[in-house]
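Only one chain is shown below, in structure tokens, and it's the form predicted on its own.
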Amino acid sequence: MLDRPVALVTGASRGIGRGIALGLAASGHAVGVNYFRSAEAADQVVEQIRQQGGTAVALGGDVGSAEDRQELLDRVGTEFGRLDVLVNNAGITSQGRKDLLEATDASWERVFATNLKGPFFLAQQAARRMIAAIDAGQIPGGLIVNISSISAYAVSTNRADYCMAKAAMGMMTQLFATRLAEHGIRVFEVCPGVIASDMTAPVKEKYDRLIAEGLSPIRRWGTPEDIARAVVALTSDAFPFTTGERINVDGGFHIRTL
């Protein structure tokens, strides 16, 4: 078993997940870098972590698959011998970004499997392992961080399934926070705003304009590093009496103004 905390970050081969993986590694965590299709990109993240003196391994798997979730956690156990932090970051946008009157069953099933069902059951299984390790005195406590979105409460009628899955993640966070508190496991929702990544690249021109017009009080794009800093802070001892909280990393977008 490693003598340092271990974090599993899903969807960590690119974008926000990559930023979180690098941030956690820099803060002293060994990192499981989960990917679905981008093995080469995941290997690059692992190599960057190792070059900076950290410990990491690339772990393939679709979080929407029950078999892959089980194998993913098994491999974390094999590679590191412990799991202290789970970051549920893997997610996909609405397929085709269709108007809700044109939304399809296929997109709904895919988005909910990846963005909600997968994170829920991965958190469930990870929590069981954390509880066993805590009870055995192998780790001091556990942390689960669910990466949500401002789409949890900001309507996009061309991404109904995405918005609804992210909204449900907020309740999922509170459910797990309540259930796991007695075991020493804290649970948080981190809610990114408009973040520069490959997911937002197709709508860059739109958001460039909106940001310039005052979409959020802090008038710039967010970065994966902004999200990583929030996650790293949650892994510290800075919030020992806090759980179930939503952390907005959105430039102040959530503030309602007149």
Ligand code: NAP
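Just count from 1 along the sequence shown to find any residue number. Computed from a predicted model, the values in this text were never measured in an experiment.
The same protein also exists as the form predicted in complex with the ligand; that form is not shown, yet it is the one meant from here on.
Q: I need to confirm a contact call. Of Arg128, Arg110, His183, Arg75, which residue comes within 4.5 Å of the ligand in the predicted bound form, counting heavy atoms only?
A: Of the listed residues, the single hit is Arg110.
Q: Here the chain is shown alone; which of Ser38, Thr55, Ser27, Gln44 has a heavy atom within 4.5 Å of the ligand in the predicted bound form?
A: That would be Ser38.
Q: Residue-level contact is defined here as any heavy atom of the residue lying within 4.5 Å of the ligand in the predicted bound form; does Gly23 satisfy this criterion?
A: Residue-level check for Gly23: no, no contact with the ligand.
Q: Verify the contact flag for Met199: yes if a non-hydrogen atom of it lies within 4.5 Å of a non-hydrogen atom of the ligand in the predicted bound form, no if not.
A: Flag for Met199 set to yes.
Q: So in the predicted bound form, does Tyr162 come within 4.5 Å of the ligand, heavy atom to heavy atom?
A: Tyr162: yes, in contact with the ligand in the predicted bound form.
Q: Look up in the predicted bound form whether Ala228 has a non-hydrogen atom within 4.5 angstroms of the ligand, and give yes or no.
A: Judged by the heavy-atom cut-off of 4.5 Å, Ala228 is well away from the ligand in the predicted bound form.
Q: So which of 61-69, 229-237, 208-216, 46-54 is the stretch with heavy atoms within 4.5 Å of the ligand in the predicted bound form?
A: Heavy atoms within 4.5 Å of the ligand in the predicted bound form occur in 61-69.
Q: So which residues in 11-36, when you check the ligand in the predicted bound form, have a heavy atom no farther than 4.5 Å from it?
A: Residues within 4.5 Å: Gly11, Ala12, Ser13, Arg14, Gly15, Ile16, Gly17, Asn34, Tyr35, Phe36.
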